[in-house]
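In structure tokens, the next block holds one chain alone, the form predicted alone.
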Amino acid sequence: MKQLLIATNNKGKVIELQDLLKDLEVELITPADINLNLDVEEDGRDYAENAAKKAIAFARASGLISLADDSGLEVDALDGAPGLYSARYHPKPGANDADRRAYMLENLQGKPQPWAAHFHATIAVAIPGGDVQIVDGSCYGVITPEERGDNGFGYDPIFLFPELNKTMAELGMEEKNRLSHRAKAVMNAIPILQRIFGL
């Protein structure tokens, strides 16, 4: 069976990517499935560098074709922050998702609403010892001051789609995996994966 490694230790991302890639006729492998414990430092200058760095490291360590993503939330009123540093957007070491959301809302106080924002995702597909291919996806909305919804992770409970009046965390998996930045990036990656695997 052809195998694709989902190159992330983030459980929320693993669940989303497994769902997004379920129709691809390959076996989806997680690092946990092969006891691969790899922590790649995300010190690239942009999403593409970070995604490629992760995909290459996991492909080398596993010998498997690997798919990694790097994503971030960019808020216009914060001059595009937290962006590349979305997962590390808090001065306190060991801060969790809830801490980061609270810190963002604190930093938005006094700035005129609506707080326009977009999520960006870059996906890298790496072949062991071979090349890396990069694709992107984005989705647009606003930051809402009250958290809503229990689905998703990260900034999902405060990212609102105004046309649906739902936050990312209020969407079901099927709806999220049609509208999200990661969904759009995966849709762009699927033709590349089909070509690589000869599907």
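Throughout, we count residues from 1 along the sequence that is shown. Bear in mind the structure is a predicted one, so any value in this text is a computation, not a measurement.
Here the subject shifts to the form predicted together with a small molecule, a form of this protein not shown in this document.
- The small molecule is not shown here, and in the model of the complex it never comes within 4.5 Å of any heavy atom of D136.
- A residue is said to contact a partner when one of its heavy atoms sits within 4.5 Å of a partner heavy atom; G141 fails this definition for the small molecule in the model of the complex, lying far away.
- Taking non-hydrogen atoms only, A87 approaches the small molecule to within 4.5 angstroms in the model of the complex.
- Although the partner is absent from this view, E42 contacts the small molecule in the model of the complex, with a non-hydrogen atom inside 4.5 angstroms.
- The stretch among 64-72, 141-149, 22-30, 127-135 whose residues place heavy atoms within 4.5 Å of the small molecule in the model of the complex is 64-72.
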